[in-house]
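Take a look at this one chain, the form predicted alone, written out in C-alpha cells.
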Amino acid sequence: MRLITKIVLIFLGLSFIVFIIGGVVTVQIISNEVKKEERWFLQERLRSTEKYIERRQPTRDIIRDKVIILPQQDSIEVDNIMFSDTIVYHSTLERPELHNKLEVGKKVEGRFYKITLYDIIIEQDDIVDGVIESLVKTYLLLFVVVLLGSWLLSRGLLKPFEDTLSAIKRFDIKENEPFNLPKTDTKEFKRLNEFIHQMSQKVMADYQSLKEFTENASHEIQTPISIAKGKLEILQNGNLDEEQKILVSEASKSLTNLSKLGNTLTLLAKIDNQEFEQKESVDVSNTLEDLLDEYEELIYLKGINLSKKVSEDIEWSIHPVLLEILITNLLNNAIKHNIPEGGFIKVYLKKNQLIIENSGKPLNHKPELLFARFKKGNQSSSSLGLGLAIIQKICKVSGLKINYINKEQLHQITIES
C-alpha cells in the first residue's frame, strides 16, 4: 500500500472518530440551547399573560389552548416558577405531543392566580436526526476532498520522492558513474538526496577498491604459487630420497589447494559483485552433454556407473559462464564424494529441473549446512568446502531453486529454474 494511501486512511479514520464525538457534543449543546430558549419563550408569554390579567382581572377560570388561568380564593405562594415536561394534545397536529410546562402563582391587582402555560418541545430525536444528517453529508464531502487532495499531492508533492526512487532503480554500481538525483526545493527530500548521494559515492569507492583488491590479489598470489610449484617439481626430479620426495609432494599439493582456494574465493567475490548479472537464454541440454563427455573418462576411471536421461533443447535464462560452473561443481561434487566401489551417478534433465543423484557416505547432519562456506561433510578430506557454497550462490543470483536430500547413501541435488 502506498504511503499517501496509508496517510489518507489514517486521517479518515481519525476524522470519523472526531465526527462521532463531535456529533454527541453537538447534540448535547443544541439540546441545552433549545431547552433554554423554550423556557425563555414561556417566561415571555407569562409576562404577556400577566398584562392580560391586569387588563381583564378575570374572576372565572380561563382555559385556552396552551394557557390556563385559575383565579384563587385564598392566598397562594407566588413567583415560584416551575418547569416540567408533560404530554398535551396538540390541536394542530391532532395528536398528543410532548410539551414544556410552566406553572406559577401570581398576585395581580390584589387577586391570586394560578397560571399554567404550555409550549411544544423540539424532541431530542429530531435534533439527533438533524445532527447525524449534517455530519454524514459533511463527512462525505471531506472524504471526497481528501481523496482528491491526496491524488493531487501524490502527483505533485511526492513527485521528487518518486523521481529519487526511479534514479535509485537505474543506478548500476558497475558503471561507476555519478548518482544523478532530481533537484527539489523540499527540505526533507533535499536531505534524503544528499544522504543517498554521499552513500552512493562511498559504495562506489568501496566497490572499486574491493574489485581491484580481488583482481590484484588473485593475480599476485597465483604468480608466486606457480613459481614455487615449478621449483618443487624441479626438486622432485632431482636426487631426493623417498622421505624428501613425500615432503615435496605434500608441499606441492598444499600449493595446488592454495591456488584453487584463491581462484574459488575470487569467483565468489565476482558473483557477489554481480559481474555475471547479464542473463541470456542458454541451451542447458548441450552444455550438460558437453560437460558429461569431458567427465566421462574420469568417472569411468573412478569405477563409477554413470546413467543419464537428458531431454533435448532445454533452455534456461542464466549467464552461460555461471551455468557451466554450476554443472561442473555438481559433477565434481558427485565424483569426489562418491563411494570407492559400486558407486553411481544419475543425471536427469527435464524442462525445469536438473537432478543429480550419486552414492556417497551418509551425512551426520542436515544437508543444508553444507551450503555454508568451508563446511565439509568430512573435515579430514582435502576438499575446500566451497563447492556447494558456489552452487548455492549461483542459484541465488540466477533465480534458481536448489534442494539437497540425503537418504542413507543416496545424495540428490535438484535445481529448478
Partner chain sequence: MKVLIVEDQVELAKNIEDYLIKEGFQTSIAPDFFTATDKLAAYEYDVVILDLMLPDGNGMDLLYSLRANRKSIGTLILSAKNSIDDKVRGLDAGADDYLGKPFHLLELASRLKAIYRTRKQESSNEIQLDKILIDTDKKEVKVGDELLDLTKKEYEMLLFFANNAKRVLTKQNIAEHLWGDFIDQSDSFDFVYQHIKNLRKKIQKATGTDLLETVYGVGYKLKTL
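Residue numbers count along the first chain shown, from 1. Everything numeric here is computed off the predicted structure, so don't read it as measured data.
There is also a form predicted in complex with its partner chain; it is not shown, and the following applies to it.
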For this session: Kindly confirm or deny that E177, K190 and N273 each have some heavy atom within 4.5 angstroms of its partner chain in the predicted bound form.
Result: no
Exercise. Only one of L152, L210, V321, I120 has a non-hydrogen atom within 4.5 angstroms of its partner chain in the predicted bound form; which is it?
Worked result: V321
For this session: Using heavy atoms only and a 4.5 Å cut-off, determine which of Q198, T138, S311, N257 is in contact with its partner chain in the predicted bound form.
Result: N257
For this session: Give a yes/no on whether D129 approaches its partner chain to within 4.5 Å in the predicted bound form, heavy atoms considered.
Result: no
Exercise. Going by a heavy atom distance of 4.5 Å, is S252 a contact of its partner chain in the predicted bound form?
Worked result: yes
Problem set entry | in the predicted bound form, L301 touching its partner chain (heavy atom, 4.5 Å) | yes
Problem set entry | Partner contact for E277 in the predicted bound form: its partner chain, 4.5 angstroms, heavy atom | no
Problem set entry | Contact segment among 81-89, 144-152, 330-338, 99-107, judged by heavy atoms lying within 4.5 Å of its partner chain in the predicted bound form | 330-338
Seminar exercise, completed: Restricting to 273-312, the residues within 4.5 Å of its partner chain in the predicted bound form through any heavy atom are F276, L291, D293, E294, Y295, E297, L298, L301, K302
